[in-house]
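This document starts with one chain, in the form predicted alone, laid out as structure tokens.
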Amino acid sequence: MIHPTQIQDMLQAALETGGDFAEVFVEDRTNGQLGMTGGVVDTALSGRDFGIGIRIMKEHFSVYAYTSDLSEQSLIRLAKSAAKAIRGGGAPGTHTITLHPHAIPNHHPIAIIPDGSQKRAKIDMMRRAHEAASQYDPSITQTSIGISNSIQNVLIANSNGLLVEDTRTYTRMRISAIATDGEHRQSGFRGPGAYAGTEFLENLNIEENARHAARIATTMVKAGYAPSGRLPVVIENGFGGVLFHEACGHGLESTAVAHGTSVFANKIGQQVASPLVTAIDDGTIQNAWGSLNIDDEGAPTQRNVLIENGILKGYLIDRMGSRQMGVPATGSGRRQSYKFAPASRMNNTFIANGDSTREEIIANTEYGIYAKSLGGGSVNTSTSEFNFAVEEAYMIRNGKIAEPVKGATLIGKGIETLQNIDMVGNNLDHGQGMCGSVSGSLPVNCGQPTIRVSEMTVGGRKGE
């Protein structure tokens, strides 16, 4: 993308004012997006992003700058401009940097590279999803279908001599259905995605996913309101893991831990969760939505055990976090694009399997809420306080799933919820989402088996 000698010149210019480390991130990304509303194609977009960012560090201080002007003069000007912001002077002078290309193994094979020639086939897929969802029930009044793909080529080089390149390919389908019953409207959503090419769509059971979204909408539009109070809550496997991701995972990132703004700071070796809980972030799972061969600092991703049998074992650490905390980085530096400096972020985060079956968990719950599908929420990472809407919920009565209920929200503190998990299923699954934080929006997997929280505050419209 850019000749290595140009990058070497940039890195050398970046260190002229006393910086002790410099890094360059070059990105060439193509994006494609198709959308269909009510069976009619209303979106067909494609684009290309091409740019370069440079980060300079001096001890625990860093500067980041970027440009899409890749002329040689512009790149040197960018490096020198960023270098002027380095604090404290230090030992300016001439630096000789020699880059050493590193070949990285590709763990995520792509069978069909997405391109514009597949547009007709993708429109047919969206139409299949629309028909399956709209024909599910007469109460379905609207559908919205989308297919997106991107191919991101990156080059990462730094003043330690690292030079690596990688290509990331993502494909995702989004299916939304809206059901209407008089004045009430409810929606259902499915959004499967993968670090994969168009083969992911060809192997996807599109009709099943569409009917799933429609089922959520039609069930919830006819449901009564959920009770409120302190109740046992069973959270279904798959995207139910978003609760751990948001309420606990962000608090385990060095971005928060290094500054002491996380409830998990300085708790390595302590019991922070039920002994039944083992939590992992794994960026190496083949073709998973949140996986990478290397992170956005050029380090191989890895499987990081965060909590083991309830004991806090580690954090997610990027290069700056490594400096601030005095521990090795964990291959967790990520960014949305060349316009963002990297930060410690999650990849594929999940609670590991336990010993119970889903049926045992339900049968052992006399009265409570079954949260089959979670929606959006908000979290204060410094306190781990969260508030999540339940997209699809049911009452549990006498050990059996009973009537559907709508309007339920789950409220609590992540660290307390971890300690109140008293049953963990053996049916681990993952769901796909986009995670927004300091370094932009990123694809992540959230996963878990079915779990039960012995007591949690449920917000609803009816009394307990």
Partner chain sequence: MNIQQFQEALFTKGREIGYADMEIYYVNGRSTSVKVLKGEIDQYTIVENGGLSFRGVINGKMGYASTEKLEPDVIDFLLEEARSNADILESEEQDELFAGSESYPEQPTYASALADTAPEILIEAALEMERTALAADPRIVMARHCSVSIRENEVLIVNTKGLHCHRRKSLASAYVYVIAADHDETVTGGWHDYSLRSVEEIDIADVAHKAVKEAVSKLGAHTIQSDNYPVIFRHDAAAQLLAAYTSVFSAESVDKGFSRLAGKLGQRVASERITLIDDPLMENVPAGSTFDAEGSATHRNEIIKDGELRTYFHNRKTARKAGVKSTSNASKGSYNGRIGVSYHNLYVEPGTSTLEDMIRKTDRGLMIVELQGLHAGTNTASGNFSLACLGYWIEQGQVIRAVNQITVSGNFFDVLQQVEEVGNDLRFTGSCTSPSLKLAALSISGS
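Residue numbers count along the first chain shown, from 1. The model shown is predicted, which means the values in this text are computed figures rather than measured ones.
Note that the form predicted in complex with the partner chain isn't included here; everything after this is about it.
> Using heavy atoms and a 4.5 Å cut-off, decide whether 76, 106 and 295 all contact the partner chain in the model of the complex.
No, the whole trio is out of contact, none within 4.5 Å by any heavy atom.
> Can you check whether residue 222 is within 4.5 Å of the partner chain in the model of the complex, heavy atom basis?
No, residue 222 is distant from the partner.
> Residue 46 versus the partner chain, in the model of the complex: is there a non-hydrogen atom within 4.5 Å?
Residue 46 belongs to the contact set for the partner chain.
> Closest heavy atom of residue 314 to the partner chain in the model of the complex, within 4.5 Å or not?
Looking in the model of the complex, residue contacts with the partner chain do not include residue 314, since no heavy atom lies within 4.5 Å.
> Under a 4.5 Å heavy atom criterion, is residue 327 part of the interface with the partner chain in the model of the complex?
Result no; residue 327 lies far from the partner chain in the model of the complex.
> In the model of the complex, which of 77 to 85, 149 to 157, 354 to 362, 277 to 285 comes within 4.5 Å of the partner chain (heavy atoms)?
Stretch 77 to 85 is the one.
> Among the candidate residues 136, 189, 394, 338, which is the single one with a non-hydrogen atom no more than 4.5 Å from the partner chain in the model of the complex?
For this set of options, the contacting one is 338.
> Scan 424, 63, 428, 26 and let me know which has any heavy atom within 4.5 Å of the partner chain in the model of the complex.
The residue in contact is 63.
> Taking the partner chain as it sits in the model of the complex, which residues of 24 to 47 have a non-hydrogen atom within 4.5 Å of it? Please list them.
Heavy-atom contacts to the partner chain in the model of the complex: 30, 34, 37, 39, 40, 41, 42, 43, 44, 45, 46, 47.
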